[in-house]
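Take a look at this single chain in structure tokens; it is the form predicted alone.
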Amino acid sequence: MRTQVLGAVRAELGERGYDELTLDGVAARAGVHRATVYRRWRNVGGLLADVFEATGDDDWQPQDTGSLRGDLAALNHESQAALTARPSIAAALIAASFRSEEAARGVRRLWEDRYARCEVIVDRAVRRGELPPHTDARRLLVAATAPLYHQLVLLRTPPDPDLPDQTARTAVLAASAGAFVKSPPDGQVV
């Protein structure tokens, strides 16, 4: 039942947006009694929080292409595809996080999970000698992916098929030059 209801939430959110997302609409689409939805999730915020929670239960891992640039480009292509799908559930969930505190908490947990899973990209690159030791994975991952979100979500520009590769290339150049190396604590030599 949870899978049905959360699928209905994604579909309703993608088609109607946050403002028209209702527990009654979700229950009808999921084919479950409205009292069941009200009892378990209580409100739209509860539904959205559970959608984010369920996303963290998947087995997604970033691709291993054999290079840092390839790994970041693959991650960016996945992100661009999710943000430009019609309807874009990813974009709808991000938008909902600005309107619902439960959704905002959910999106923060989701990003923490995704960044943690993607740290392996940086670990592999350090082991292959593509990056200096002590490269800050989070800062590099944000630098590599943020331009996509800026263009597609904030500016709502049409998707640029070259953008995922360009931002990966730019981030790799900066990272290989040491731009994301963690500063040692005062007085310590790295």
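This is a predicted model, so every value here is computed, not measured. Numbers follow the displayed sequence, beginning with 1.
Not pictured, yet referred to below: the form predicted in complex with a further copy of the same chain.
In the predicted bound form, a further copy of the same chain stays beyond 4.5 Å of every heavy atom belonging to Y38. Within this chain, A146 lines the site of a further copy of the same chain in the predicted bound form, having a heavy atom no more than 4.5 Å away. Using a 4.5 Å cutoff between non-hydrogen atoms, R108 counts as a contact of a further copy of the same chain in the predicted bound form. a further copy of the same chain in the predicted bound form is not approached by R16, whose heavy atoms all lie more than 4.5 angstroms from it. Shown here without its partner, the chain carries I94, V142 and F180, all of which come within 4.5 Å of a further copy of the same chain in the predicted bound form through at least one heavy atom. Stretch-level contact analysis of 27 to 35, 146 to 154, 120 to 128, 51 to 59 against a further copy of the same chain in the predicted bound form, using heavy atoms and a 4.5 Å limit, identifies 146 to 154. Contacts with a further copy of the same chain in the predicted bound form, taken as any heavy atom within 4.5 Å, map to no residue of 55 to 80.
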